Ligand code: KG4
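Single chain ahead, by itself, as structure tokens, in the form predicted alone.
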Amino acid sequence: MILSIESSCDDSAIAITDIKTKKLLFHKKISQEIEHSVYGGVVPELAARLHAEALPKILEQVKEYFPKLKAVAVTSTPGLAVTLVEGVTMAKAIAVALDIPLIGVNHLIGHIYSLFIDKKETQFPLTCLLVSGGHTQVMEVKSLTEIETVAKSMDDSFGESFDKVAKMMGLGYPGGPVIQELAKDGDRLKHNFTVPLHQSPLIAFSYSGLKNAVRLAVLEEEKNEKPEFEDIAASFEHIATKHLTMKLKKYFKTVRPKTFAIVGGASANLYLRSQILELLKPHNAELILSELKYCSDNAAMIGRVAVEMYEKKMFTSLEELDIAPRSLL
């Protein structure tokens, strides 16, 4: 079995994955959403302290698996430096104590493998849209070691823009679920926000301009005695998603999709899923998704990658395993 640890941001998680069957035997995640919601976003130092408290508590629950562990895996890139350190330090201690090898895992590849949690086989090649609080990018994935990023955000990520818009409205953190719920009762066409980069030939993403347009709409709405943000939320969600689908449509003119996946925390957005599904219909492409509970950061996805890496003997020595806040993927 492999023990995997995830601490790249504000979720403390540990999983146990069976190497032969690829089955998830244990997974526990402790979220920090309540603690960070007060500040409208993740406070790195607070997150690190909470990881230091939560990870040992979860580890206590998996001690029965220790005799059967063949390796320990941990997210080492990308993420917040102070939180990555917590997981990597624990992983190194376990590796030394149990005399088992270390596997450093790229968090973004983890999201790709969230599609295959509890599944023995992978499904490559595929085109993958990763949308999270830190990343928005399109990747062509042929295998574990053959991943090409073909488009990414020039500034804010899709998920980050939801968080920031929710903060503008005083709705707390995380913003994704709150905006999605608020948008259900709004008019998506009420605010004619400009689609970012709509005249640009670039296949890339940008959310800073849309975020500023929403900010101005929020300020205008706040002049009313009883501000109502449903229409702004709906219009924002519509344009933020339309931006993605327009750029993907342009990309599909040169690369026809056969199997398409959406991964990352923001892939749980139901409006995004529905619009991508419509986009894929003319291509007869299959859409594959992670279970909703595995869309956000988790250790199960890290364990699923680690099994593949273990079989290929992709180990990292104690001296070589270090954190890398920014990923080159």
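Quick note: we count residues from 1 along the sequence shown, nothing fancier. Bear in mind the structure is a predicted one, so any value in this text is a computation, not a measurement.
Omitted here: the form predicted in complex with the named molecule. The next part is about that form.
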| query | finding |
| --- | --- |
| Per-stretch contact check against the named molecule in the predicted bound form, the hit in 278-286, 43-51, 262-270, 62-70 (non-hydrogen atom, 4.5 angstroms) | 262-270 |
| The named molecule: the contacting residue among Gln180, Asn106, Ser235, Gln137 in the predicted bound form [heavy atom, 4.5 Å] | Gln180 |
| Contact test in the predicted bound form: Pro196 vs the named molecule, heavy atoms, 4.5 Å | no |
| Distance check, Ser290 to the named molecule in the predicted bound form, heavy atom within 4.5 Å | no |
| Contact label in the predicted bound form: Ser132 to the named molecule, heavy atom within 4.5 Å | yes |
| 4.5 angstroms heavy atom contact with the named molecule in the predicted bound form for Cys295 | yes |
| Within 4.5 Å of the named molecule in the predicted bound form: residues from 167-201 (heavy atom criterion) | Pro174, Gly175, Gly176, Pro177, Gln180 |
